[in-house]
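In the form predicted on its own, a lone chain appears below as structure tokens.
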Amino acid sequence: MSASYLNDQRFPGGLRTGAQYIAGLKNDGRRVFIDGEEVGDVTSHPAFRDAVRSIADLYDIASDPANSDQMTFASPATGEPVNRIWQIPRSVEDLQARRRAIARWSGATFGLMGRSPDHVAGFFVGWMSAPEVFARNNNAERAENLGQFFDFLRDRDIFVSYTIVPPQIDRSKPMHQQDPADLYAGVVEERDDGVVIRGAQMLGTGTALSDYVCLSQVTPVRPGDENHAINVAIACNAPGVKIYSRRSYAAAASSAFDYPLASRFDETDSLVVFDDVLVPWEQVFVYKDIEICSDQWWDTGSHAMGNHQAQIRLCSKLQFLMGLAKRIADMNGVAAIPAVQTLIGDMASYAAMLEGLVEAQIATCTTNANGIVEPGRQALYAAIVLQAEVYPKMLNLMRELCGGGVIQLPSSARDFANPEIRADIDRYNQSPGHSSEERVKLMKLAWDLIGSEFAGRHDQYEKFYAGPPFVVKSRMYQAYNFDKSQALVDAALAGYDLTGRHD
């Protein structure tokens, strides 16, 4: 097999260690911009370095021989152990094994890195569940490209992110009617060695930290939008790729003590600009095909597998939130108060509901014509609908539980170094059985989850993770089993007539 991406020397092959991941990113030529400057090395820049290390920790978990049973499976191509995030499930047991591996990773980040390497891996796994979709309309070569690139991702443990939504420029017009027409990322030239992409795409969450970015469209494409109806993979250090990061919460954090979450798990979101980027044909999976660009999400297991990962990750986040709520109630001496138990019980019901829906996705899984298993879509879309509503509710309940305790805190860790300030903190900012340092540490952790700028971004993220609420609910409408419901209505109607008699 010969393809240009195989010449990428950053990836030695096999299970990847954290050190190998960092080495692959270090000074690799990618162009990342933040605060008016171009970043030379994302592995050392304060806006990105700790998020890079958090991703590296995940790779170390997966490559640790002690975790091999949980985190790896044998590559169908090489027979060597590879990361389980790339496993195409052929049984309920496979789906459960993927879930355990994903949960191990999401637990390590407390569910706070929504675009860790297992996220887009899930979409690729779903695409490979039905590669024939990519071969439609005489496109067999595109399906072959996808299969070969998937082998590359799996056997070299690549971190791929995606940009699948156009910028918010003029949403009243289709993509091809923007002014100029190349504002949204799309094809502007076709060459013997590939296609040239120009324009921008959002939201490149984690793109500054990833090896490759997948460029496609999950938003509807209309006739005339053919130049944008694509699915291609592009190296993040490819010439012409420019990654514009939003403000960094990690760089703004005064210390890990004051911002323990933002300082470690800010994966950043980016506008990605493709400035005449050449994409080799081997990295093109959908090309100017409106039908396949849409069908790739719904006629394969892609949307189900990618969002299944997201729901597993969300469960870890809610479990973390619940643990924090209980710890604060215990520390404040209010855990035995009925009203507090009711409040935490409300939170727990939401957390348990989402966990139950993840279990239901596996219990109601389906098998396609290729023998590939995917999560049950009714339970999946129910969870996505609830995600946008439950997470903000849980944050508000947590704020009610904490009250002013997360506001009346020392300005920073440096206050403890001043003897006069420390004496008053020790006297007035303590709880029975907990020193002032313990109390402040816990409450600052809570603030970084429910009140900081980092927390605000996560609130917005969970609300709109899967798109606008009306879009998500329309998918729930399409996935719901109305046949069973209609059968009950038919049975009820058949049981009586105008005479008033029951059968």
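Numbering starts at 1 and follows the sequence shown. Computed from a predicted structure; not experimentally measured.
Below, we refer to the form predicted together with a small molecule, which is not included among the displayed structures.
Review point. Does at least one non-hydrogen atom of Asn145 fall within 4.5 angstroms of the small molecule in the predicted bound form?
Key: Judged by the heavy-atom cut-off of 4.5 Å, Asn145 is well away from the small molecule in the predicted bound form.
Check your understanding: Contact between Asp269 and the small molecule in the predicted bound form at 4.5 Å, heavy atoms?
Key -> Within the cut-off, so yes.
Check your understanding: Heavy atom to heavy atom, is Pro46 within 4.5 Å of the small molecule in the predicted bound form?
Key -> Contact check for Pro46: no, nothing within 4.5 Å of the small molecule in the predicted bound form.
Exercise for review: Report whether the minimum heavy atom distance between His434 and the small molecule in the predicted bound form is within 4.5 Å.
Suggested key: No, His434 stays farther than 4.5 Å from the small molecule in the predicted bound form.
Point to revise | Listed range touching the small molecule, judged in the predicted bound form by heavy atoms within 4.5 Å, from 22 to 30, 438 to 446, 60 to 68, 455 to 463 | key: It is the stretch 455 to 463.
Review point. Out of Ala360, Ile164, Met353, Ala108, which one falls within 4.5 Å of the small molecule in the predicted bound form, going by heavy atoms?
Key: None of the others qualify; the residue that does is Ile164.
Exercise for review: Could you check which residue among Val284, Leu321, Leu203, Leu397 gets a heavy atom within 4.5 Å of the small molecule in the predicted bound form?
Suggested key: Checking each option against the small molecule in the predicted bound form, the one that comes within 4.5 Å is Leu203.
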